[in-house]
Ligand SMILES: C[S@@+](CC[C@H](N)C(=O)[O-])C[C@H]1O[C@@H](n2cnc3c(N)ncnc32)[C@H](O)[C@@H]1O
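In the block that follows, a single chain appears as structure tokens, in the form predicted on its own.
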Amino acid sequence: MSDPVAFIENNTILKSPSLVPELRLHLADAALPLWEKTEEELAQVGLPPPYWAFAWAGGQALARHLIDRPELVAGKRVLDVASGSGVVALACLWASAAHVAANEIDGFALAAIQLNADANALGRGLELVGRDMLDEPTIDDTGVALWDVVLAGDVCYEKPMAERMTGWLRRHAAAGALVLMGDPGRTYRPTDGLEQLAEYSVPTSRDLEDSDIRRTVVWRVLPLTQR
């Protein structure tokens, strides 16, 4: 396999997401050609789509919300789980978060996040975490929350993932973290235990979605005791 950085640079365009003009990301023009190139590059068939190459509606809405309300993350320790392109993590750094961990299990995504951070001069305070964190603790040995803020953009598109993610996010909320989720009406979003904070109309591509505009909500995830 060649260098993921070179692959990303050769197959994407540096441009701003429609709802977050403050940032520039390495994004693909079309899903299928890049997907096919990714499978060819890794000599594997049946890989998941290259989520890192698109600014999904949930992530864009969450990033917009944080840039417009920097007090939510300024000076705080933030975890962005299933970070994808890193749009949410970078929005936090743009809003002066003290430390942002961008979590991904895809090596290409981690490379894309670093490239996107470099393109926006937002590398200071960024940590890349390349493992599945969804079974990890939410508090330290003294009972203090590991993170001040935990963020998830567009993670409810598959049932097993949504169920694991939601349970883990609720545990972070119970530990005392502010937990926010951006969701454009995915099938497996929880139907309860959420507080709506904001709503956005996000322009989307027909190559990715079934409409040109997705109504996307930023939700606060509540602990089980507040459901």
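Don't overthink the numbering: it's just position in the shown sequence, from 1. All of these numbers come straight from a predicted model, not from anything done at the bench.
Not on display, but discussed next: the form predicted together with the named molecule.
- Proximity to the named molecule in the predicted bound form, taken as a non-hydrogen atom within 4.5 angstroms, holds for one residue of A95, A82, A111, L126, which is A82.
- Comment: 158 to 166 is the region of 173 to 181, 65 to 73, 196 to 204, 158 to 166 lying near the named molecule in the predicted bound form, near meaning a non-hydrogen atom within 4.5 Å.
- Taking the partner from elsewhere, T138 is found to have every heavy atom lying beyond 4.5 Å of the named molecule in the predicted bound form.
- At the 4.5 Å threshold, heavy atoms of V87 reach the named molecule in the predicted bound form.
- Contact annotation for L134: at least one heavy atom lies within 4.5 Å of the named molecule in the predicted bound form.
- Although the partner is absent here, L122 sits far enough away that none of its heavy atoms falls within 4.5 Å of the named molecule in the predicted bound form.
- Shown here without the named molecule, the chain has N103, E104, I105, D106 in 93 to 115 lying with a heavy atom within 4.5 Å of that partner in the predicted bound form.
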